[in-house]
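Take a look at this one chain, the form predicted on its own, written out in structure tokens.
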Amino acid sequence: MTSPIANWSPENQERANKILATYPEKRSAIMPLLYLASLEHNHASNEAMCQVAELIGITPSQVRSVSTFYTMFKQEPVGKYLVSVCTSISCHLLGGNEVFDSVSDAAGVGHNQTTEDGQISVEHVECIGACGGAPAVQVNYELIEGVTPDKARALVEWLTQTTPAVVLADEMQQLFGGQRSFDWGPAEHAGAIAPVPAFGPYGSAGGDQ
């Protein structure tokens, strides 16, 4: 019988099998597998959800119920860099909307839109847990705290002009950040290579690991 993920890259097929082997109940692997599917398809596509459903033995509608509940599983393709601007209460009060406007203006696209070259997607997001460092921004879920409108514009220009293979929170914080919510501690040497959280088992992390 042909595997439902036979058309995935060999690397992602191997990752999927390792993830499945981790969980006594296959359906518990749904969220890690959706991240892998997002890397393979550039979003949680209908095809991807059907593949995950067959792999873990549940219905596509059950997979869809998870995929559509969590906003980090994108229902449409996104750019190489997903720029997420928090506009929840703490960030809003400290200029989050102005930061978003600068990101949007610099990229030339609005909420849930992607630039024509497929490089940058922009979105408003709810609280990302950095209220003490508001306004907060993420690029491919790598955090930057204390961002100003001018620094937000510079961030987009940097992404556009340098097209980094890996986006790293510590580097972006140094270049574009300000007040942090707390001391981050030892520097991280691995960052995100795609609009999915940087995590070795997903193949979504790059840099020194």
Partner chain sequence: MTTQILTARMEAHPSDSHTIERYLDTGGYATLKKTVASSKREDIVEQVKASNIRGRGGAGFPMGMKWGFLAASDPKYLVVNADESEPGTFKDRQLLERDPHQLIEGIAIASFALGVNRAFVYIRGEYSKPARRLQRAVEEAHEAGYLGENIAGSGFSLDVTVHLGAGAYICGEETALLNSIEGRRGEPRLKPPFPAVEGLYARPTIVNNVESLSNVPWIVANGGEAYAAIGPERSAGTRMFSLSGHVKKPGNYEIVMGMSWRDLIYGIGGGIRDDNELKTWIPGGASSPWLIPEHLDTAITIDGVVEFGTMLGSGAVVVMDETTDVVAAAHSIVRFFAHESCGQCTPCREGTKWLQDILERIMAGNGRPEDVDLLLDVSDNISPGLVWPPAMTTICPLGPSATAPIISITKYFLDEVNAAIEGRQAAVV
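The structure displayed is predicted, hence computed values, not measured ones. Residue numbers count along the first chain shown, from 1.
Not on display, but discussed next: the form predicted in complex with its partner chain.
- Shown here without its partner, the chain carries 71, 88 and 185, all of which come within 4.5 Å of its partner chain in the model of the complex through at least one heavy atom.
- Although the partner is absent here, residue 154 lies well away from its partner chain in the model of the complex, with no heavy atom inside 4.5 Å.
- Proximity of residue 20 to its partner chain in the model of the complex: non-hydrogen atoms within 4.5 Å are absent; the residue sits far from the partner.
- In the model of the complex, residue 117 stays away from its partner chain, with no heavy atom inside 4.5 Å.
- Remark: residue 194 does not count among the residues lining its partner chain in the model of the complex, judged by a heavy atom distance of 4.5 Å or less.
- With the partner omitted here, the residue from 59, 46, 148, 28 that has a non-hydrogen atom within 4.5 angstroms of its partner chain in the model of the complex is 28.
- Shown here without its partner chain, the chain has 126, 127, 128, 129, 130, 131, 132, 138, 141, 142, 143 in 126-143 lying with a heavy atom within 4.5 Å of that partner in the model of the complex.
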